[in-house]
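Presented as structure tokens, the chain that follows is alone, the form predicted on its own.
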């Protein structure tokens, strides 16, 4: 399988801005990732479903790209899904899937607030060196209703970066959240890249509440 963009995306000396790279990648993004067995969207959707028995909640798909995570959520019964991504080109393709209630064009690294909060949220394959920075986790939690649940992945590159691990440790030491699960497994199988999926829940949340 050709890895035209996967060969470039994790390089520290990337010769394009992330926004420009995703602009060029948009049209072939899904073929390349699916061809290399990208499984993190499915893993994140499965974990959200595991800890949320009510699929009618409003979910935010952070860094939704062309909608691979949205499709995984939709397949598991979540139908009230908003998506956010910095790439307008990717959002155009996500819109064509007709699975999102709303699509938001914004950058997670500069996002301050939205006009809505969510009971569920996923960030699949988004928080990583050179992409969404470690502080994105705190930004995401600020968009979460209390009660609420946040599922996110950190790939091997993020897990090897002390800034990302420190941010996770700081968040998990807070009395306002609890960790439900950490699961290390496949991320993009054919390039032998793995990721750990985290599920964080606001304490005292009854996940089956309407």
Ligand SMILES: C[S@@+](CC[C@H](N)C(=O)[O-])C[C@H]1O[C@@H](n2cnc3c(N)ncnc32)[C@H](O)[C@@H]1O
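Take the two forms, find the largest set of C-alpha atoms that superpose within 1.5 Å, and that set is the rigid core. Numbering follows the first chain given and starts at 1. Note that the coordinates shown come from a computational prediction; the quantities given were computed from them, not determined experimentally.
What comes next is about the form predicted together with the ligand, which is not displayed.
Here is the short version: of 154, 52, 45, 64, the single residue with a heavy atom within 4.5 Å of the ligand in the model of the complex is 64. The candidate stretches are 140-148, 178-186, 165-173, 56-64, and the one lying within 4.5 Å of the ligand in the model of the complex by heavy atoms is 56-64. Not one of 80, 102 and 115 places a heavy atom within 4.5 Å of the ligand in the model of the complex. Although the partner is absent here, residue 106 sits close enough that one of its heavy atoms falls within 4.5 Å of the ligand in the model of the complex.
Although the partner is absent from this view, residue 68 contacts the ligand in the model of the complex, with a non-hydrogen atom inside 4.5 angstroms. The closest heavy atom approach of residue 74 to the ligand in the model of the complex falls outside 4.5 Å. When contacts are judged by a 4.5 Å heavy atom cut-off, residue 126 counts as touching the ligand in the model of the complex. In the model of the complex, no residue of 157-184 lies within 4.5 Å of the ligand by any heavy atom. Comparing the forms between the shown form and the other one, the C-alpha position of residue 164 differs by 2 angstroms or more, with the core used for superposition.
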